[in-house]
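Only one chain is given next, in structure tokens, and it is the form predicted alone.
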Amino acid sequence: MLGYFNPASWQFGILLGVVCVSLSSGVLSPLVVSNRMSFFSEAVAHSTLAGVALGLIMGFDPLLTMIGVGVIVALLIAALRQRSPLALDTLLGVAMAGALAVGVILFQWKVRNYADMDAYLFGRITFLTRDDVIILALVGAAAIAVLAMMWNRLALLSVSRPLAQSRGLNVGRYDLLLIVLLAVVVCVTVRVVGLLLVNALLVIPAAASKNLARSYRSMVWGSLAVAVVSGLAGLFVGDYLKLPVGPAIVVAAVILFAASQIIGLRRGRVMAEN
């Protein structure tokens, strides 16, 4: 356990990776929840398996092809949303099923290495390399920097799109920015918790915080707190009990959500009685 706090150990890199993932997902979570993009992020996550398979087939770093495929799928969904008469959830359902099926077929047809596929499906944090940690840190820092610079506009867009348009905001431009940023964060987070669980880190922190928050700003800070606490708790408890770290992080987040739900309901009951 002490190895996590030794900068010279490989465990310190894992700790840094978890913190980076927690910060980037925690700060994006309020925007995902407010814009109702949870299924969108899940569709992007499902597409990453095809990106991994393409990278292995072509001899490229799977992380690079994963990000490339994820961004392309995200942009295609955004374009179809503007032009298709179908509802967004229908389009996302097609994208999720199709992308995952293509990924599995590519693995079976060309790669035939299901150990690697399992690592991307469920996450395997011990597979993180030094380069992976550097990329996680860079993506996390970039996500936080971009959101910090444009937070007021993105938050206004999340709260009221008509109001944002009336104030002259280019809604399409900020939608595109959020879509690309979300796709990149989803792709790098897959290495930690797996594509089947990554969506939980983008939904649960803001959902838990919203149960107790009294303003949008407090929801954002609460989301960051939930993401970081669940990330660290899942890492340390998972390591101590010899459990897979990715699922342990998600379970910790679910426990925090359940606690916030109970506290929020009790608070509302007390306020109603008074």
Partner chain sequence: MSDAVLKLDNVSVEIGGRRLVENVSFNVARGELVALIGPNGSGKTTLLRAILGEYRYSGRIDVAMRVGYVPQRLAYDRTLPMTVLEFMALTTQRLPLAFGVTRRARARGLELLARVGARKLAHSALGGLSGGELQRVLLASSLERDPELLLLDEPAAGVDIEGEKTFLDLIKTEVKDRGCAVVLVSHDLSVVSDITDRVLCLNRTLMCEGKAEDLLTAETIARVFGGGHAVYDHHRAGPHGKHDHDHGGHRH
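Everything quoted here is computed from the prediction, not taken from an experiment. Positions refer to the first chain, counted from 1.
Not on display, but discussed next: the form predicted in complex with its partner chain.
- Scanning Ala87, Leu163, Ala79, Ala101 against its partner chain in the model of the complex with a 4.5 Å heavy atom cut-off leaves one residue, Leu163.
- A heavy atom within 4.5 Å of its partner chain in the model of the complex is found for exactly one of Ala137, Leu156, Leu177, Leu91: Leu156.
- The stretch that touches its partner chain in the model of the complex, counting heavy atoms within 4.5 Å, is 218 to 226, out of 60 to 68, 218 to 226, 242 to 250, 41 to 49.
- Residue contact check for Ala148: one or more of its heavy atoms lie within 4.5 Å of its partner chain in the model of the complex.
- In the model of the complex, its partner chain lies within 4.5 Å of some heavy atom of Asn152.
- The shortest heavy atom separation between Ala213 and its partner chain in the model of the complex is within 4.5 Å.
- Using a 4.5 Å cutoff between non-hydrogen atoms, Arg173 does not count as a contact of its partner chain in the model of the complex.
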